[in-house]
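As structure tokens, one chain now follows by itself in the form predicted on its own.
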Amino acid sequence: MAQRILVLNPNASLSCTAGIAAALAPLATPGGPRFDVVRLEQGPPAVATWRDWFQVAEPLCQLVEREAADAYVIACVSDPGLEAVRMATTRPVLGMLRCAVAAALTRAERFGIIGFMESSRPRQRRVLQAMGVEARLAAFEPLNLPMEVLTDPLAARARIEAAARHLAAQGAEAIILGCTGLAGHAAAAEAAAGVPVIEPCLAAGSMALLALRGEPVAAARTAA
């Protein structure tokens, strides 16, 4: 039986969930671990505030306790509930922002973040501080657009490209897309900025595969 990586979208957006699944699709290989993407149906439309961030922690824990998997990925680029969910399972639990930052630092000394909202800034800063890399952040550029606009293939494209160019002008040598709703815009942002763009779904999915490498399926399922 193939290993299972459960990807947890802590918001209720169908379009965001579909975008996460599409971003992870290139990582699927015959006989390899499968990615199952689910959403919190009772979750907020987007994790935009500290209240949203704290609200989703317990539902994420309960979902992990119900759904056996070999690894879990929290599919929000502020890593809500990460510490709590790690207490609900013995399996690896990855946060997309931490994975994206790690990927960015393999490409550049300084990185920028295209943020979902201005209110995302303090939540993402907290993660950077926990990782000890806040000084490596060149700039943060919030979009301040609703989730359903971000997931539209065209509606936010010009704003995203402008944000990417601005971050590069501020010294960012790599750019992190700071929301899973931006997954479909990675190529356009990279073309606009002329620097590497890190898409967090791919970053976290790749690290989840690495976390499972060489682990026996039966042993992993038993420990879940």
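Predicted, not measured: the structure shown is a model, and the values here were computed from it. All residue numbers refer to positions in the sequence shown, first residue = 1.
Here the subject shifts to the form predicted in complex with a further copy of the same chain, a form of this protein not shown in this document.
- Although the partner is absent here, Leu145 is not a contact residue: none of its heavy atoms lies within 4.5 angstroms of a further copy of the same chain in the predicted complex.
- Of the heavy atoms in Ala186, some are within 4.5 Å of a further copy of the same chain in the predicted complex.
- None of the heavy atoms of Ala155 is located within 4.5 Å of a further copy of the same chain in the predicted complex.
- Proximity of Ala130 to a further copy of the same chain in the predicted complex: non-hydrogen atoms within 4.5 Å are present.
- Contact annotation for 50-76: residues with any non-hydrogen atom within 4.5 angstroms of a further copy of the same chain in the predicted complex are Trp50, Arg51, Trp53, Phe54, Gln55, Ala57, Glu58, Cys61, Gln62, Glu65, listed in sequence order.
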